[in-house]
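Each of the two blocks below gives one form of the same protein chain as structure tokens; they are labelled structure 1 and structure 2.
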Structure 1
Amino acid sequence: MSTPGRGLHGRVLDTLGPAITAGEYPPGSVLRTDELAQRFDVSRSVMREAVRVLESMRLVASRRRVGVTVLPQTEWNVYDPQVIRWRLAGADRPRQLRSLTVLRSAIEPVAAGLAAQLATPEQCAELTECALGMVANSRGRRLQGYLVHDIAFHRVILTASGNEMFARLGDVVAEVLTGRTHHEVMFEDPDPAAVTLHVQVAEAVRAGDADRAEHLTREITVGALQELDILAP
């Protein structure tokens, strides 16, 4: 997948980013911008722009007279959607999926409980619409259509929680759900029980039942972890 709207340096990132996150350049490796510019057949200014993006993700650090040094994973901005996308595209996908799904299981149930207390009528209506869209796309191998509504559903939950920190995790959850679909860590059709749970969460939020919304959402995340045990052990 190309990095949109970034031109030549996007092409560089599409190769260099996944290589770094996959461990092809171990921590401490020094990358020479002149050598990389020749390798990718781009100007040094394009290469410097690509390096600046990698620095913003904390994948590398530039030091005068040293070069561009690959940082250890503990320094990476692991919440950056592009970093998540690159990691999900690599061999570490099962561990990354599990890590992100555990994060969801810690955050989303609480967010759903808050949403039941704080969601606006407009957000309740949007949540119901998303759930119905999931139902409509849950059969016939229509995973891409299902994904659109699934992402929207979880974004509404996180936003309706009224917690801006939860809301900012919308892009993270979107990358998890997208990665599962694009890398075929999904059944050909979504689990009917999971689809039903999403409908029930929407109903609980609309009814203002915080305990039920939290409980049902926890069931969704537990189910997602169980799917990983089967599809990405």
Structure 2
Amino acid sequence: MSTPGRGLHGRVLDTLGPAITAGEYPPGSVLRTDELAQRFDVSRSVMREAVRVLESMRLVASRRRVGVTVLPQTEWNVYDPQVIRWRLAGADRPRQLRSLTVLRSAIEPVAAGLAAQLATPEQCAELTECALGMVANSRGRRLQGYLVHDIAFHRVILTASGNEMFARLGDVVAEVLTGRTHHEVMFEDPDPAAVTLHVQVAEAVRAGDADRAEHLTREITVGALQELDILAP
């Protein structure tokens, strides 16, 4: 999925990153580079590189004569894909999935509206193909096949929006959809209404109907919010 063992410092990050984002070191905790280097059995240079990366993610701050201080969550670069992965793999995965689902509910309808205006014929075809793939896998517990097409569908929408910030959320949406499938409805077939909505979105985008694409996508995301019991009373 990501970039595994890219050197020793990467190995260190694979351990330290999840530990920090999981809250094992409460905000304000002080670490020392030398001690960490010993603990991970690497040289100080390697350890320093790892700390620099954590620093650029705003997970820690390094100050002379003090050490490496763990920063509070409010400082973290929560959009960093690496940070997102670490948090999804850790203790506050549910919380993280909620945040990301709310984010989706804001972004995707707007992206769909833009896609209706900007999608190339190739993208429209791809979208239709994805929707058909979802239909084909929507019955008989073919959840894996369904998931693949679902992810591809949303990725095309985000890319076709023409906005680079939206496009970069493709991986995040993939994570959320995967997490959802693997935790809740693993044994149920997907909601037929949701499948229909995806087909209709594909049609609306192809027809260039921005308003319709936006509203239909909003219905999809409302469904996602309801699954997590996030809704207005």
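Here the structure is a predicted model, which means the values were calculated and not measured. The first residue in the sequence of structure 1 is number 1, and each one after it adds one.
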| query | finding |
| --- | --- |
| Form predicted on its own - structure 1 or 2 | 1 |
| Rigid-body hinge position between structures 1 and 2, taken from V68, H198, C130, R104 | R104 |
| Rigid-body rotation of the smaller part between structures 1 and 2, in degrees | 16 |
